[in-house]
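Quick setup: one chain, the form predicted alone, written in structure tokens, and binding and motion questions come after.
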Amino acid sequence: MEGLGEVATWEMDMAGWHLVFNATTIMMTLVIVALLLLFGWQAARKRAPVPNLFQVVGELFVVTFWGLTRDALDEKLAKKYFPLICSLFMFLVLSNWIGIIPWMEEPTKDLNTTLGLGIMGFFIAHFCGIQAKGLKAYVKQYFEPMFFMMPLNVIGEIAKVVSISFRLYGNIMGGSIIILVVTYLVYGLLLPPFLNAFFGLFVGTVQAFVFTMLTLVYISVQVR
């Protein structure tokens, strides 16, 4: 299993810092962004009463996540944050699926990707909370129900980032390791393709949905 643990990197020195970048993650992220842009262009360029396949899939994403966002937030906030929620799910689900293709790897198999998205959701949720409640009321909630609960409340908020980030990373990385080990044990016969489909399509879709919905819930909790 010589491929296990190997990571292609780019290294550079800048202002006294030695920087190491995961080349595979960066390239696969760019590929996924390009695919999403291509999909959006195909879905929107020839809209018609009788839609093509791209328009059908695009409308399915829009209708589904608009309804979920509107239910979690009010109509006004839904218009503001629906694009984030929908695009986050599309990025994650494609990131989790792309590992099914030979020689492709999931960006979500890198903790930097999942943790970065978790931190992004954290700052967006708390920025929404400050906007909706005002700074004084926002800070006050951390001292409830008693002032000495403040450290625990802060730790609880930070734990949310760790929870959603490591959950997604652990499921995708764990699935990749299982597939790699089983492939070497049975020499790439029937079982590994089945595992690829299970972890890539089913688990990948579920984990993308869970991550997206938790981000939406965190935003909803902060604005209410």
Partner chain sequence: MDMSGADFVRGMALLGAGIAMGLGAIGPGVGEGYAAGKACEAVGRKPEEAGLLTRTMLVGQAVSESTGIYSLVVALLLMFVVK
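As the structure is a computational prediction, the values presented were derived from the model and not from experiment. Positions refer to the first chain, counted from 1.
The next section is about a form of this same protein that is not shown, the form predicted together with its partner chain.
Annotation: in the model of the complex, residues 162, 166 and 221 each come within 4.5 Å of its partner chain through at least one heavy atom. Shown alone, this chain has one stretch from 120-128, 91-99, 71-79, 141-149 that lies within 4.5 Å of its partner chain in the model of the complex by heavy atoms: 71-79. Among residues of the shown chain, residue 155 is one whose heavy atoms approach its partner chain to within 4.5 Å in the model of the complex.
Residue 23 falls outside the set of residues with a heavy atom inside 4.5 Å of its partner chain in the model of the complex. Contact between residue 201 and its partner chain in the model of the complex is not found at the 4.5 Å heavy atom cutoff. Heavy atoms of residue 217 reach within 4.5 Å of its partner chain in the model of the complex, making it an interface residue.
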